[in-house]
Each structure stands twice: as C-alpha cells, then as structure tokens.
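Coming up is one lone chain in structure tokens, specifically the form predicted on its own.
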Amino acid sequence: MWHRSASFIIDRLAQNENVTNPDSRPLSSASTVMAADNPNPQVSLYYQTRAAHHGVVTSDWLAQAQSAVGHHHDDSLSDNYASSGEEDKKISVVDEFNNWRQQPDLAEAVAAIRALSSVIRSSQATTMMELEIELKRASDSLKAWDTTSISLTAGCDLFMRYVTRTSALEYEDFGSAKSRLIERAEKFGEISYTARKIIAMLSQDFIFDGCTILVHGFSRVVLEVLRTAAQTKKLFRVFCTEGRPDRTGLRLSNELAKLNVPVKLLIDSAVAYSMDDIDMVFVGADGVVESGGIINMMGTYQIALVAKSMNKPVYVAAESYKFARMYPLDQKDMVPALRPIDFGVPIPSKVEVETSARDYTPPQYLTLLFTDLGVLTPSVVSDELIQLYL
C-alpha cells in the first residue's frame, strides 16, 4: 500500500488554490425527479438523481420513471423526525437534505452530512441524551428515505460516529458540548467536501503521458481526476462507454471535450473490442465493501473481467464516506436498486426486463483504490473500515 495522509494533501491544496466555499446554501426549488419523499423504495432515487444531474435522458425515460414510482406515499416518514408540536422550531432533515442535494457537484453523502449538521444547530434539546436521540432519529430518517443508496447510509453512519463519539463531551456543560458537536460536524463536512480533490491529486502519479484511459458512466470523482491531469498539461486520451440505459457516459464525454481532452465514445458492448488500445481503467464507486470490492453502475463488473484477462490495471476512485459495512457474496446479495429501462421500442408484456442499476465487482479484479485516506490495495480496505467505524 502506498499511503499519504489526508492532512498532507489538504495542506498542499491550501498552497495551490483556494477551495470554493462549500457552505453556500442551494436554492430550495423542487424537482420532479427529486421529490422530498421516496414513494417507492424499490425504485432507486439515487439513480434518478444521477440521471437528473448527469444523464442525457429522453422524455420516454422520465415518463417511465414517473410510472414506476407511482403516487404512493409512505406516511411513516412524513414527519421526518420532527414532532408535530414543534414543527416551527425543528427543521425537516429530509427537506434540508433535498435542498443540498440539488447541487449537481455535491455528493449525496455530503448533502446528508450538511443536513445532519443543521439538525444539531437548530436542535431545541436541553441535554446531550436528547440531542443524540434527535440526531439518531434524523439519521434514521435519511437512511430510510432511500435504502438503495449505499453512500447515503455510510455517510450517515460515519457522521454519527465521528461527531458523537468523543469522551470530552462527558466533562462539559451542555452548551459547550453542543458547540463541540457543531464544530466536529462542520469539520467532518469539510473533510468530506475536499475528498474529491485529495483523490485527484493522489492519482496523478499513475497517469502518464501518452496513455489511454477507459472510463464507465459518469463519476464526479473520476472527472475530477481527469480534469486535474488535463490542467497539469498531461497528454492522454479517454475512451468513454455510453453508460446505458441513462447514457451518463455521454455527459462525461461532453465534459472532457470542454477540457480539450481527446475522447472517444464507445457503445457498452465494445469494451472487449477496444481493450487492446487501453492502458488502464478508471471507475468510480457507489460503495466500497468490506472485502475490498466495489458496488457500482451496471457494467463495471464485466469491464473489470475483460481488463483482468488482458492484464490491464483497474483503478477505483472513491471517497471514504462510501466505505460501507457490507460483505456481498454474489451479485444478488445486495439491496436491489432498480431503474426503468428505455429500449426505444415497445416491449411485450411477456418479456422480462432486467432493471438492476448496479453490480458487484470482487476485489481480485481491482488493482488499486484511490481514496482520501490514501492509495489502497483492496486487501487493506477492511483495515481502513475498522478504523473508520471504531
């Protein structure tokens, strides 16, 4: 394992540029695809958000999404942790979360961290026990809002452990303890916000002049890696898969073209055909699991299989708030994340359609993981998870 501390990278970032202030509040306008409640947990709001922010989608696709979601409402989450008698004093954590997540460049887990920080600031609790219970209820509401989002669940769990697990709180008065919690919450949010830039800097030693990189779908952290390489005047080209069914690869190819990076768009089935011309594979991750494998957009597993068979390195770029306490044994050993598929033609009702949005790539097919904790081999991930959750 090759490792640099996060503090080293943050100090280096501070010398090179001023990080954009992450505390500017987003607009609170609602979106059709990003509703405040999740009417149907089986249809992943996480992927609906990705499509709304990054995908090139058709009106048919959106119509199918609305049809799949339906109009059912789950009353169990309607109060969003707030008691009915204190709605004017407490914020709705899900509404606050949805306000933050409307920023396309803000990760879902970071939006959750911002929302939970707001819960602490606006809390009317008078004791630490009351505050911790209120924060736990808010965290549970967010996790229940979309059970298919791995990073949302992991981000909430890590926030709770980082913010509340400090012995110093036992020896302070409540006002000081609450201020300490807010301070720790803001620090955790800042670390999470800058994770993408840390990863981008760590990965630069592995991108060399003249290389060809294959990417799959749209990953904001992978885009940051490639943007940093382009800004440092490295000469490379990128092959982008189309990323069906939401075609997020089209968006990534457009962003790379704006950076004047030579880019070639591939249909998803052309990966093996093009692998001879590729030097390395870069993918993001929805979640990094205990085995060191990753859960990511559908198609990642087959790309890793082809790359492994042809001795091409597969690099994963993922923030530490995506490290999840999960250990899937196979492709079906996960909470299903479903999405509607638009084939462009009518499909007979007797034809079954696979609508899973993601797959699991075992660790033996991955070379390195670039994280804000350092550059890790898959075998080291379990150790890092233990340190994160202790």
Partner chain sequence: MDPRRVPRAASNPIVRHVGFFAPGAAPDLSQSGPPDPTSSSPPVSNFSPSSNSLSPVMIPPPRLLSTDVSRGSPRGPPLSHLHAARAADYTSIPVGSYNPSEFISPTASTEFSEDLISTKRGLRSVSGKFATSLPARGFDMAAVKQKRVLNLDPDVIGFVFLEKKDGETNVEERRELGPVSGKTLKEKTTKAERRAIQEAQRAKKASDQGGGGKTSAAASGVNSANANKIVKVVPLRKDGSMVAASEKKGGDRQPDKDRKKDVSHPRTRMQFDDENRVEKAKKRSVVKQVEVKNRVELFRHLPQYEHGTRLPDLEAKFFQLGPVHPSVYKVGLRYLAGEISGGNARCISMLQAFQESIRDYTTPPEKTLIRDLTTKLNCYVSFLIECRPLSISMGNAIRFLKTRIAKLSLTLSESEAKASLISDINRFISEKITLADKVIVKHAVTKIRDGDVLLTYASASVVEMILSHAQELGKQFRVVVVDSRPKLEGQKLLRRLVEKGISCTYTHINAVSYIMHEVTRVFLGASSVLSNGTVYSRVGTASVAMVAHQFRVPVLICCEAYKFHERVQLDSICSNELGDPDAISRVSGRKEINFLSGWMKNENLQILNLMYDATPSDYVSMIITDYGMIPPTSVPVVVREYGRENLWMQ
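Numbering follows the first chain given and starts at 1. Nothing here was measured: the structure is a model prediction, and the numbers come from that model.
Same protein, other form: the form predicted together with the partner chain, not shown, and the subject of what follows.
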property: Answer option from R121, R180, K187, K264, heavy atom within 4.5 Å of the partner chain in the predicted bound form; result: K187
property: Proximity to the partner chain in the predicted bound form, single hit among L202, L252, I213, V283 (heavy atom within 4.5 Å); result: L202
property: S151, Y315 and P362 each touching the partner chain in the predicted bound form (heavy atom, 4.5 Å); result: no
property: The partner chain contact in the predicted bound form: L329, any heavy atom under 4.5 Å; result: yes
property: Contact test in the predicted bound form: Y162 vs the partner chain, heavy atoms, 4.5 Å; result: yes
property: Q302: touches the partner chain in the predicted bound form, heavy atom cutoff 4.5 angstroms; result: no
property: In the predicted bound form, I198 touching the partner chain (heavy atom, 4.5 Å); result: yes
property: Among 154 to 162, 106 to 114, 275 to 283, 216 to 224, the region lying within 4.5 Å of the partner chain in the predicted bound form by heavy atom distance; result: 154 to 162
property: Those residues of 286 to 307 which, in the predicted bound form, come within 4.5 Å of the partner chain by heavy atom; result: E290, S291
